[in-house]
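Just the one chain here, the form predicted on its own, laid out as C-alpha cells.
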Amino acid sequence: MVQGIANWNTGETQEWLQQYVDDWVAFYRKHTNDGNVASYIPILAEADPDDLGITIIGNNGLSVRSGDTEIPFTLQSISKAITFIVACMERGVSYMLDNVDVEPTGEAFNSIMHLEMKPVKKPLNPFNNAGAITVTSTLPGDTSEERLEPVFQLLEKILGYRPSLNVDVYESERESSNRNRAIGYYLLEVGFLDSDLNATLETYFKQCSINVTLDDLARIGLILANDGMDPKNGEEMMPRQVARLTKVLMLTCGMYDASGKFATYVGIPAKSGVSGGILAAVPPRVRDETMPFTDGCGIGVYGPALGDKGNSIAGTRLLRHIATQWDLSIF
C-alpha cells in the first residue's frame, strides 16, 4: 500500500504515483486475455482486446494517465447515466421517478423478463436497456437531433468541447439492434414510452455512439464526485440532487448484473459500457491523509475485452486493485 507521503502535489510524489499506476496497468493488461470484445454490435468487434488505459483526475489538480489513454471509444451504456441526468434536468426528478424505478434487477442489461414476470408499473431502473429506452423517450423534441441536443450541450459544458457522433458505430448499432427494437415494442405495448418509438430508438442508438476519451470520462466522474459542481471554478454543471441520485444508481445498478459484487469489492459509483469504458466517481472521504485523492476524483477506464457480465474484465480488476490500495471505497 502506498503510504508515508503527506503532500501528493509535489513533482516527486507525482512521479512515484505514476510509477505505481504504470506497474498496475502493465500487470492487469495480461488479464485482457480472460475476456472478449463485444461482437453483437459488429463494429465493436474490431477493437483491440489488449488495450487497457486509465485516467484519474483529482480535485486538487493531481492527475495520472497510464496505458492506452488516447484511444477514442463510444459511450454505449455509459450514456444511460448522461441521458438520465439530462432527463432529470429537463423534466424534473419527480417526473422521471414516476416513469422509471430505482431498483436493481439482478438480470442481464438487455432483459425484459422482470417486466413480464413481475407486476411492475415501470422499468426497474434507468440503467438497464428497458429503463434507458424509457428515459430516452422522455427527452423533449420530435427528432433524434432535437432530443440529443441537450445531451450534447451538457457534455460540451462539462468537457469544454462538443463530442462527435461516431456514425459508423451508430449505423452498426441501428442495423444489429433487434433485441432493443423488441424491447422498444414491448415498452410501447405496455404504455411505458413517453413518445414516438422510432424517434426514441434512433435517439438511443445515437446516444450510445457518442465518441469520448478517458480524459472525458474522468472529467465527468470528477463533476459527479463533487455533486455536480466544477471544483476548478465552483460552477454548477448539474443540480446537486440529480448528481447524488445518479451516483446512487451508479453504485447499485451501474455495472449491469455484476453491480452488487462491484459495490461490495470496489465500492465506487461507476457506470460501464460494452465498448469497454467505465466511468467512476470517487467522492471526498475522511481517510488517512497519506492516501492520494482523499478529496475525491473522477476515473475513466478503457479495456474492450469484456467479462461474462458485459464489463471490462481487466478494467474492473484494475479499479478494484486501485480502490483497495488507495482506500477509495465509500464504505
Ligand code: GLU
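For every residue, the number given is its place in the sequence shown, counted from 1. Please read these numbers as outputs of a predicted model, since none were measured by experiment.
One more form of this protein, predicted together with the ligand, exists but is not displayed; see below.
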Shown form pocket vs the ligand in the model of the complex, superposition, backbone/C-beta distance 2.4 Å: open
is_contact(residue 40, the ligand) in the model of the complex, heavy atom dist at most 4.5 Å: yes
Distance check, residue 252 to the ligand in the model of the complex, heavy atom within 4.5 Å: no
Residue 256: touches the ligand in the model of the complex, heavy atom cutoff 4.5 angstroms: yes
Close approach of residue 274 to the ligand in the model of the complex, 4.5 Å, heavy atom: yes
Answer range among 75-83, 149-157, 233-241, 218-226 for contact with the ligand, defined in the model of the complex as heavy atoms within 4.5 Å: 75-83
Residues 129, 204 and 208 all lining the ligand in the model of the complex, heavy atom within 4.5 Å: yes
In the model of the complex, the one of 166, 99, 172, 180 near the ligand [non-hydrogen atom within 4.5 angstroms]: 180
